[in-house]
Structures are given as structure tokens and as C-alpha cells.
Ligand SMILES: Cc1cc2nc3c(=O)[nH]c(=O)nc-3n(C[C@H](O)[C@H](O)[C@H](O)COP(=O)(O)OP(=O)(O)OC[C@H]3O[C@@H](n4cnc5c(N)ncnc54)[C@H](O)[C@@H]3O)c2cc1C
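Next up: a single chain in C-alpha cells, the form predicted on its own.
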Amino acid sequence: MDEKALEFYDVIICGAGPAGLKAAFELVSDSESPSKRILLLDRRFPWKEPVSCAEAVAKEAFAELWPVRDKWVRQVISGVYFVSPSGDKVEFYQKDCGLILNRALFHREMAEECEKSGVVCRFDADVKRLYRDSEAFWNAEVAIGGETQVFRSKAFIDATGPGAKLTKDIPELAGLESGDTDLEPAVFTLAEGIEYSPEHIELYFGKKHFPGGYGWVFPRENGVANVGVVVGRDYIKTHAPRKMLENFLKEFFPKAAFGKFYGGMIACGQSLKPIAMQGIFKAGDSASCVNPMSRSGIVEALKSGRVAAKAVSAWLAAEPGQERRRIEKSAFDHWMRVQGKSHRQIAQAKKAFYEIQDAQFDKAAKKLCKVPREKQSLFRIFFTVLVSMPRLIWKMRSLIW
């Protein structure tokens, strides 16, 4: 194949969400191998369209992965209200424990830093096909401005999102993580006219409106709140997420004014499939890296992007053959140490948690409401709910020991 007819890179990354941006930045910033040519592709600019997410992160965990900038922090969060089906609010308070991000501005900063560091970014590129040529390089067939271009690379990072369609039907990638573990739908809207604390997020539980999932109210600026629901996979056919959100708004916030609904699928489970194979590395939602219970994914995606970048750097430096296969296998082991093991434990206990009945949530909430804020803890809240149905303790043992 004539390399002059193609643009050649050491690594191509598809998907400019937190995972892809983090992987690109880590790769180009690697002091041990600073000369890598990195191409980051996405079909849209990562700051020009609304992001289907509530934008909340744990402050300490996030700050370890990217510097916090005041300009893209919507709110600083100091607590959570856990709301029972009857409306009782249990407060957990921990000063400055979380952040609500403006992801558009955050993504833009990440993209700009990538470009400054030497990453070639194309945010008008729709990757149509990925295939391997006779020389074992990966080729990305990309539609740009009505024309088709082909970009060639040694390694490829798939950070495209849940479902991982890009690698789905490639025979040599059979068995690779598919990014569809426990897919669940979530939908949200931006609402006004809701009374809320700007330093708290609110999480609502109960089978009536949130079977297998939960509802949320996350504060934004200027009196606007992000209000949404996620519904468990087993309930999708009987509980349409959009209808669930409409009912949630009607019952709890009848005076709210809201506009367009946004939504998408979340890969809410931790599989045991490999996340690297044949020079293809998975990151973010394509690697099913979302927390199975909270459905949080921003910090998880950043961690996943870093894991992928470290594996790719080692893979590029290794000789083809057994050593590269070992590195591919080690990518999964690394993820399991970083986050995957805890996700696996949560996933195993998740179904049992959603067996808790509304009456038990209400009973636990009334008891917890009597506890002074300074004596409240996440463990106390969780344990009080759990002991309301003792038979579940054994089913949820993976979270306890």
C-alpha cells in the first residue's frame, strides 16, 4: 500500500468525549515517548451540542485527573438529599465534595490543550468504517465535507460511546468489549421554577417513578435545574423513560417550566471482556466503564482514557507478537485495579438493591431524618435502608465485605 496516499499516524482516537480527550492528551504528553503522531476524530465539535448528562463529579477524584477551572464549574456541591417515595429528604453533608461542570467549556479546554500539545484534531469527521490492511495497520474510512478520506495508524482507541458499533462486526475483534453491558435509558430536561438548594443534588428513589433506577435534580446556574430519570433495563418495555420523567415533573414539580428532553443509553455494567485486542483499545462508554449504580461516567471516562493511553504507549514501544498481546491483556487488569473491581461488586449487588420496596425506603427515611446532619454518613444512610429488608443483606454482600 502506498503510504503517501494516506495520512499516517501512530494512534487514531475516535470520540472526543472525556475518555478520548484524556487519552489523546496523555499520549501526546508522554515524556518517555514524546514523538507520537496522534489523530483525534469526532463528527461534532465536543463543545457545540448539549451533553446528555447531569454533569456532576466528585471534586477530589476529578481534580486528580484534570485541573479544576472556576470558569467551567457551574456549582460547587456540598451535599446530597436522598428523597424517599413519600418525599422525605435525608441529607448527607460534606463541604465542597462535588462539582457541577459546564461540560461544553470543559471539553473545549481539553481539546485546546490537546491541540497545543500536538494532537491533530478533526471535529468534522464521521468515521464510517474501520478495517485492517494486509500490513496489519488499521485504516479509518472517514467522511469529511462530503468526501471520503482514509487515515492509517498502528493503534486505534475506540472512545465512541455505548454500543461500540465501530468495532462490532470486525471478525478479528470477536470477544472484544462491546460497550453494551446492561444498557439503560436516561432522559433529562432543563427546568425552571423549581425550589432547590444550589449546593445540593437531589436523588429520588421508588418503584413508582424510577423502577430499577432513580430520579435527580442537579442545580445549574441562573435558577435552572437539570431534572432527569434513569430506568432499569428490565423495565424499559413497561416504563418508557420519557413518560416517567413527565410523571416525575408533574407530581413533584407541577409549576416547573421545561423545554426539550435529552436522552441516551448508558452502559451500566462491568463485563469481563477484554478492552484491548489486535491493536484496538477501548475507553469510556465503549469500554462499559460507567458506575453501575450511580451511573456516573465523567471521572470514570477520564480514568479509562488514562488507562488506554498508558497501554497504547507500552504497546507501541513493544515488538509485535507476544509482548504486545501481553500488554493488551494487561489493559483490562489495570482497569480492574483502578475502577473495574469495585464496579463489578456494585453490579452484582445492583439488582438486589432495587428489590427494596417503597415502604422500606419511606421507613428508613423517617428514621434517618431524626439524625443530626453532623452525625449523618453515607454508610449510615445505606445501612439503615438495607436493614429495613434484612433478607437483602446476603444478596448485597459484595458491597459489604
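Owing to the predicted nature of the structure, the values given are computational and were not obtained by experimental measurement. Start at 1 and count along the sequence shown; that's the residue number.
One more form of this protein, predicted in complex with this ligand, exists but is not displayed; see below.
Engineer: Exactly one of 54, 39, 365, 28 has a non-hydrogen atom within 4.5 Å of this ligand in the model of the complex; which residue is it?
Structural biologist: Among 54, 39, 365, 28, a heavy atom within 4.5 Å of this ligand in the model of the complex occurs only for 54.
Engineer: Within 4.5 Å, heavy atoms only, which of 344, 43, 350, 59 is in contact with this ligand in the model of the complex?
Structural biologist: Only one listed residue qualifies here, and that residue is 43.
Engineer: Tell me, yes or no, whether residue 159 is in contact with this ligand in the model of the complex, where a contact means a heavy atom of each within 4.5 Å.
Structural biologist: Yes.
Engineer: Indicate whether this ligand has at least one heavy atom within 4.5 Å of a heavy atom of residue 177 in the model of the complex.
Structural biologist: Flag for residue 177 set to no.
Engineer: Is residue 297 close enough to this ligand in the model of the complex to count, meaning some heavy atom within 4.5 Å?
Structural biologist: Residue 297: contacts this ligand in the model of the complex.
Engineer: Is residue 125 close to this ligand in the model of the complex, meaning a heavy atom pair under 4.5 Å apart or at it?
Structural biologist: Residue 125 belongs to the contact set for this ligand.
Engineer: Thinking of this ligand in the model of the complex, which stretch from 285-293, 76-84, 310-318, 325-333 has heavy atoms inside 4.5 Å of it?
Structural biologist: One stretch meets the cut-off, namely 285-293.
Engineer: Just to make sure I understand: among 215-249, which residues lie within 4.5 Å of this ligand in the model of the complex, judging by heavy atoms?
Structural biologist: Heavy-atom contacts to this ligand in the model of the complex: 216, 218.
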